Every structure is written in C-alpha cells, then in structure tokens.
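Form predicted on its own, single chain, as structure tokens, below.
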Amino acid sequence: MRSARMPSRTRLDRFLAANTRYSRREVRLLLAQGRVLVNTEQATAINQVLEPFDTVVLDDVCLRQHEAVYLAMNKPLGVVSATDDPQHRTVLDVLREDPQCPLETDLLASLHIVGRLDKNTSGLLLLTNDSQWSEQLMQPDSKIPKVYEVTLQHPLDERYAPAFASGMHFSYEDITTRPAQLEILSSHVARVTLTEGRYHQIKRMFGRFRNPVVALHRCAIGSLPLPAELEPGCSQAINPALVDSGLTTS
C-alpha cells in the first residue's frame, strides 16, 4: 500500500467549489454572509490560500481537518527506511506493530521519512506528514547537526579528528565533505557530528583509515536527542517547541 498524500496548498474558492454544491461564483456570497471559517476565523477573501493543515468549516460542518504529525522513532537494525517495500520490513511496518504507537492507522499511512538511515544503522529517525517541515530540515543550507556513535573494527588514534575536521575529498563524485567533528569515546568507539548526509559518508570517511565500521547509531538531530527511554522500534511525538524551531541548535 502506498502512503496517503496530504493535501497541497489551494485557494479557498477552489476548495469550496470542489467540496460543496456551491459554485466558485456563489462562494463570494458565502463569505459575505460569514458562513465560512478557516482555523476558527471568519474567512473574507475568496483567494485565501489554504495551507495543508488548515481547517475549513461551512455552516458548522467541518469540511477539512488534517492533523500535522511529528514522530521520533528509535529505528532498529535490519529495517529499511521506507514506507513501502515488497521485500523488506519497513519503519512503517514497525510502527504498525507497536502497540504504544500514538497514531491511528490512517495517519500512519500519511507519513514520510525525514532523512533516511541505512538498513544496518540504528537510532533516531524522524517521520512526519508535513512536507514543508521536512523540506526545511533537509535543505543543504540548513546545516542541522546529526550526531552518530560509531563502533570501529580497529583502534582509533590521534590522526582521525584532524582529518574529519579538515573535510575529505571523494574523487568519484568530485566532492569535499564539510568539516565534521570526531570525539574518541574509547579505543574503538567515536562520536561523529555531521552537518550533511552524503551517501555512506561515515563509512567512507573511516574507510580512508582502512577501519571498517562495525556499528552505526544516530544519537541526535539538532536539538533533539534520541530519548533514553525509547526502546528500538518504539516512537513518540516530538515536542512542539522543537518542531517550531526546526530542531536548530541556535
């Protein structure tokens, strides 16, 4: 089953003409009579643009009401970051199986993923039905930091942090990574903070040292850490204050 799509922006007169017995010409009279409310406010302009989560009421009858959803999930290993996959178990499958999931099935179907994680990477994953919010977070210029805990096959040493901080050039794509922060936590474990998300970037950066990544876990996105109490496969709503701030750290 494909995910349901939330409505896009549209004009109020077009919406009312498409969803009631009134023509676009008659909509002007409805507004003049004060019979249309948008988000509890009396509508006055026929060309008012409805945002995806605006509520529209005509004569005390709700014509449109969509809830904006923002979820933080602790993605388990072995699950693909997709809403639909014919061969593999997806994060949406995991959410449907979670008895503590805060959403009804119809809302689950409207979600999409904000910044994917590889099948063999665990940790914080964001899901929403608000495409404007997700696009804001994923813009390259947003530079929202993402923090990972990385377990390596071989020991770390003092060469790593300066190399990550300087950025690395990958000739295949002819790109140079942005400066990244690396903190050594133990002989084989490091904390890495990125402000971009190149293809298999962390694995490729450690590959420069011929040091394979054994485990990769995302701990935080911007000002949102993975809640300590959130077990793998579980999810919870994101604090509205963090949603409004775009998860920035400033």
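For clarity, every value in this text was computed on a predicted model and none was experimentally measured. Position 1 is the first residue in the sequence shown; the rest follow in order.
Only in words, not in the display: the form predicted together with a small molecule, which the text now covers.
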With the partner left out of view, is Asp98 within 4.5 angstroms of the small molecule in the predicted complex by any non-hydrogen atom? no
Proximity of Thr121 to the small molecule in the predicted complex, heavy atoms at 4.5 Å: yes
So, Arg191 and the small molecule: in the predicted complex, are they within 4.5 Å at any heavy atom pair? no
My question is simply whether Val79 lines the interface with the small molecule in the predicted complex - judged by any non-hydrogen atom within 4.5 Å. no
With the small molecule left out here, work out from 37 to 45, 50 to 58, 201 to 209, 66 to 74 which stretch has heavy atoms within 4.5 Å of it in the predicted complex. 201 to 209
Selected contact from Ala220, Leu182, Leu30, Leu216, since only one has a non-hydrogen atom within 4.5 angstroms of the small molecule in the predicted complex: Leu216
